[in-house]
Ligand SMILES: Nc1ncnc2c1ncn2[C@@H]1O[C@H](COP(=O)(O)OP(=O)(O)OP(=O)(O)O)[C@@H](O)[C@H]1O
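The chain below stands alone, shown as structure tokens; this is the form predicted alone.
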Amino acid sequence: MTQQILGLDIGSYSFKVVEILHPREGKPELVAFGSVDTPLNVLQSEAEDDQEKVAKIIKMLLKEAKVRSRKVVTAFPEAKIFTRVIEFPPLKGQDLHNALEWEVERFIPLPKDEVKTSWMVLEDGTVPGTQDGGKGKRMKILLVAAPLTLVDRYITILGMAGLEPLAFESEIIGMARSLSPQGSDCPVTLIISLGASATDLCIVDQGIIQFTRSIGTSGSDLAKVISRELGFEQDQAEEYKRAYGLLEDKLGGKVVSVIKPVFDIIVNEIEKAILSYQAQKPMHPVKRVVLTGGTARLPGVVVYLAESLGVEVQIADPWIDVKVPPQFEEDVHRLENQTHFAVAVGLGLKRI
């Protein structure tokens, strides 16, 4: 049975949509894609007028991108939800349910009746071909919880936009699906999403999420420090950030000198995340870093991170496992469309 799924990434600064055809056999195929800039802070509002404004923007995006399907998978922002990889001894049935309930109470700072929880087994803790299933192994579960107010808001907006929600995921799950698919033979990979409002980290081994973390320092903080220290308006500061970034030999090093201390906060958190993960998995070190998100286009960022972290760093390519028709080839491989669409592509790749 073929499916045609929309992946909709409702980002802080832009909305992105990707329509994917899932044939019975062969690679999923790109049908349509597009993006549109959005007003600041409109997603934070619960006012009905603002929700209608968001729905109107989505409808405009769907029209401009010429998508046909109305069945959508979308993602909640990592900064607005609670995501955690947890481990247990192998459990089933009621024992697993009770253990998950306890974890929800332990790490989610909201009453249980105010959140919607979901979980997926990453590793079941068994070893095929062994009589005892692999004694001493632990199962690994990705637990996600979203405030009901957030869930209701998204359902309302999607309904206003004429869309039928099939599933809600976290942005990290979408990124992992497009950038490190299950069964892939790529090395242990750290995915870094350098976004406008947050920096999200995800370590993936053989397509399985092993570690997640969200950092509050983001691309907008780099522009803010340029504005404050060099006396620019915010729009001009954004332009200088995008033009000169972390390049020492541009504009006398003025821009890099003011943003480096802020960017180093992100680097320090990345280093802590790697150390935390490798303390648990010393035999599976991070061998590769892939960058996505708008700030991944910051001049000099790939070299800077490679030198700081001591591993291979590259810009992510979310289209690698998607069949791209000739009319889209040039567009999808533009740098901005590689760094912008990782979440949307991953959402569109979900099989329902």
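In this text, residue numbers run from 1 along the sequence as written. In this text, all values refer to a predicted model and were calculated from it rather than measured experimentally.
Only in words, not in the display: the form predicted together with the ligand, which the text now covers.
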query: Interface stretch in the model of the complex with the ligand - options 281-289, 64-72, 51-59, 297-305, non-hydrogen atom within 4.5 Å; finding: 297-305
query: Sole residue of Gln210, Ser227, Ser197, Thr83 within 4.5 Å of the ligand in the model of the complex, by heavy atom; finding: Ser197
query: Heavy atom within 4.5 Å of the ligand in the model of the complex - the one residue of Lys272, Arg138, Lys254, Arg242 that qualifies; finding: Arg242
query: In the model of the complex, Glu169 touching the ligand (heavy atom, 4.5 Å); finding: no
query: Exercise: Ser12 in contact with the ligand in the model of the complex, heavy atom 4.5 Å; finding: yes
query: Partner contact for His22 in the model of the complex: the ligand, 4.5 angstroms, heavy atom; finding: no
query: Gly219, heavy atom within 4.5 angstroms of the ligand in the model of the complex; finding: yes
query: Residues within stretch 307-344 having a non-hydrogen atom within 4.5 Å of the ligand in the model of the complex; finding: His340
